[in-house]
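In the block that follows, a single chain appears as structure tokens, in the form predicted alone.
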């Protein structure tokens, strides 16, 4: 994948307060990169620096190879963004709003307007006045406007705020398609771990203005135990039970220190596997006392571990 956004040692203060401290990461074409942190962590400040609304104090930002400080126009020509709720002429149709924006930028043909309308799924409503649009439709129209000029990077700050579940799913699908099918590098900030899980390929975790870590979303899901089920079995002879189950499942199973057996199965096989384990133990003449399912960590718990407790505000 091609590197589209590169941030090196970014530091930003507002007044006497340092908001961002020595932040470095990259985003690539074809991926949705999530910038995740509790409210007040510095996400919006970073977004505003990336899109040129705030100047950086120290460090360097390049967008598609253009230095934001030295090649400002070149950098912005490769950037599309929605920092707050997109604003439109409510008395004009969605289509006419896009025409107005295309005329302002220049060099955008009608075919491109039709193309982005299809991309965001507004074909059936694009001729209606924006004043009749739901918030979700306005967000999708905002994405259409932001990508009219073929940007390499699309940046959105908390884009699902205020949307209902259907609107969130629609927008999520649009952003994933832009990345995975159109090759756009999409960067999204959010305080919602659940949204990051369903939308992003990688996630950067921020707390108190410092980038804690960057992870493929699959690593966070794995750390949370999502996709697997864990059971605890108590019985009269844990050592013998572990030996019997080891033979039955073809893997080494050991009793725990407190005389129980822990079993972990893929989620889709969990019920059949625990039934097999129970039957195997009973046939071996062992007495089962309890079989209970352990609750997996929530993604929010993993976030709190990564940030050392700074994630309590995550919602």
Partner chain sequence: MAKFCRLIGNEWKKQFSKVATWIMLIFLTAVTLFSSLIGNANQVLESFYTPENYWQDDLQRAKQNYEELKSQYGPDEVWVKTAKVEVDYYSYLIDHAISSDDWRYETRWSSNLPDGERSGNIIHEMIYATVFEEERAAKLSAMVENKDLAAYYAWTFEDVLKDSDPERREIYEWAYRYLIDHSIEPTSSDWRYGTLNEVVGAKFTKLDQERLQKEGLAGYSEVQYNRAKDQITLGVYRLDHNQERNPADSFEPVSSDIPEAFRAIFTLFEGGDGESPFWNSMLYSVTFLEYVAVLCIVIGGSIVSSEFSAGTIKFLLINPARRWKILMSKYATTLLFGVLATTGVFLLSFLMSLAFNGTVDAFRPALSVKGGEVVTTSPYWLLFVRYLSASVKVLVMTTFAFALSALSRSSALSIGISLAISFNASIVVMIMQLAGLDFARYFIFANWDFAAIVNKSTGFVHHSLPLAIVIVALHLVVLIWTAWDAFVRREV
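Positions refer to the first chain, counted from 1. Please read all numbers here as calculations on a predicted model, not as lab measurements. If you superpose the two forms and keep the largest set of C-alpha atoms that fall within 1.5 Å, you have the rigid core.
Keep in mind the form predicted together with the partner chain is missing from the figure; the text below concerns it.
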Quiz item: Do heavy atoms from each of 240, 249 and 280 fall within 4.5 Å of the partner chain in the predicted bound form?
Solution: no
Quiz item: Quick one: is residue 87 in contact with the partner chain in the predicted bound form, heavy atoms, 4.5 Å cut-off?
Solution: yes
Quiz item: Quick one: does residue 52 come within 4.5 Å of the partner chain in the predicted bound form, counting heavy atoms only?
Solution: yes
Quiz item: Are any of the heavy atoms in residue 81 no more than 4.5 Å from a heavy atom of the partner chain in the predicted bound form?
Solution: yes
Quiz item: Does residue 109 reach the partner chain in the predicted bound form if we count a contact as any heavy atom within 4.5 Å?
Solution: no
Quiz item: If we take heavy atoms and a 4.5 Å cut-off, which stretch out of 35-43, 285-293, 262-270, 63-71 is in contact with the partner chain in the predicted bound form?
Solution: 63-71
Quiz item: Considering the partner chain in the predicted bound form, which of 161, 100, 194, 213 comes within 4.5 Å of it through any heavy atom?
Solution: 100
Quiz prompt | Listed residue that, although the partner chain is not shown, lies within 4.5 Å of it in the predicted bound form (heavy atoms), from 92, 198, 218, 135 | solution = 92
Quiz item: Which of the residues spanning 1-32 lie within 4.5 Å of the partner chain in the predicted bound form, based on heavy atoms?
Solution: 12, 14
Quiz item: Cα of residue 191 displaced 2 Å or more between the shown form and the other one, core superposed?
Solution: no
Quiz item: Under a superposition restricted to the rigid core, does residue 129 display a Cα displacement of 2 angstroms or more between the shown form and the other one?
Solution: yes
Self-check item: Residue shift check between the shown form and the other one, rigid core fit, residue 180 Cα at least 2 Å
Solution: no
